[in-house]
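Only one chain is shown below, in structure tokens, and it's the form predicted on its own.
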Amino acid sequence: MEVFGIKTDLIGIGDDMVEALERGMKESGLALEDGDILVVSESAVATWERRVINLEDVKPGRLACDLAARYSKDPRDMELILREADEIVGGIPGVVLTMNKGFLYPNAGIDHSNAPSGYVVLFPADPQRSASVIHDRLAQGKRIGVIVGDSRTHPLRLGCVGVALGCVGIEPVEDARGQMDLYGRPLMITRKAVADNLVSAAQIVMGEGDEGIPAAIIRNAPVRVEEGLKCEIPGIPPNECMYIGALRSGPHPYTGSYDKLIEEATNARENAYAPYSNFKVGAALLGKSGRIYSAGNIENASSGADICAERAAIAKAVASGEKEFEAVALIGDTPTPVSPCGICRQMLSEFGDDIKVIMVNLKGDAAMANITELLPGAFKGSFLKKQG
């Protein structure tokens, strides 16, 4: 297998990246051949897609400022992370770990390197589509593969390896299950990350700094290249990932989208009945219908008759005929975001494992988790069904 780097002029906003690659190949005496695989860096693709942002144009909101202080980030970076990320998983000083378009990425894939001073390069908007466009413009009757690639770190390992974001012409993952190992035992779970491995090979030539090599040709790879094959990069749900599944347990930083629900919970708290503890809690439950059911907690001289705000809201919703819910917000006067008690967690889990719980205190601190993160292994009605 051979790897040839394609050196180009600096690709700027508005430049035609494909033309730059064609010039680079011509100047290096390279030409694509049948069976070749072209790997192109995501930063070049994102610049080509005009995904370059001037930080001076970014106005961070309150949530971005709060999270920036927590994670030691520039508030403008944090604002972009909130806009780009599907979910914030957590973070350490200087780095926010996010889910973005099915990938686990630090800082939502936003990159300061290979960007002009004062600018950042966002994650490509549609790497699969860009791979298809590059393929269609460069193939010219030849059977080639194209991969848009990036780099990432592995848990507990120093250094970066390659990851494919979009590809055309090859199967990105090869299923090796059923193949025999050296001792004649069938492989049970092995799948080969072919596209990721090819990106890693290309990055040895392409580099990460000022090499000026945004793409590479891989020739004679032991991979079948098929004309017209367009495959999305396969992923797995976070709850099926052995790393995320083993380590993940909420709550996580609140990232917006449920401000109205928090407002309704705040209003409901004002009507809470708590003459004994004076600990008032408000809850607002969002049904799948879009309706909101809010309530405050209700105390009783006989404390066993107390009703938490969350359960009061659930009772209100069920009495109204609604039994499917998207999210619940609750607010209380606590040092950190108020958390539902065990009984309320059990009650919420009765109506779905994916209900989002937004927890807030009066200072405006907020966190969120889904109910399975707050109550893993909940007792379910299915346990009560007779077997056989």
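Just so you know, these numbers come straight off a predicted model, no measurement behind them. We call the rigid core the largest set of C-alpha positions that still match within 1.5 Å between the two forms. Note that residue numbering follows the sequence shown and begins at 1.
A second form of this protein, the form predicted together with a small molecule, is not displayed here; the remarks below concern that form.
The candidate spot formed by 105, 126 and 166 is out of contact with the small molecule in the predicted bound form: none of the three has a heavy atom within 4.5 Å. Across the options 26-34, 336-344, 353-361, 41-49, residues that bring heavy atoms within 4.5 Å of the small molecule in the predicted bound form belong to 336-344. Taking a 4.5 Å heavy atom cutoff to the small molecule in the predicted bound form, the contact residue among 139, 205, 233, 308 is 308.
Residue-level contacts in the predicted bound form: of 130, 98, 297, 294, one residue has a heavy atom within 4.5 Å of the small molecule, and it is 297.
Contact annotation: residue 257 falls outside 4.5 Å of the small molecule in the predicted bound form, judged by heavy atom distances. Shown alone here, residue 277 lies within 4.5 Å of the small molecule in the predicted bound form, counting heavy atoms only. Residue 281 belongs to the set of residues with a heavy atom inside 4.5 Å of the small molecule in the predicted bound form.
With the core superposed, residue 28 shows a C-alpha displacement below 2 Å between the shown form and the other one. Annotation: Cα of residue 275 displaced by at least 2 Å between the shown form and the other one, core superposition. In the core-superposed comparison between the shown form and the other one, residue 60 has its Cα shifted by less than 2 Å.
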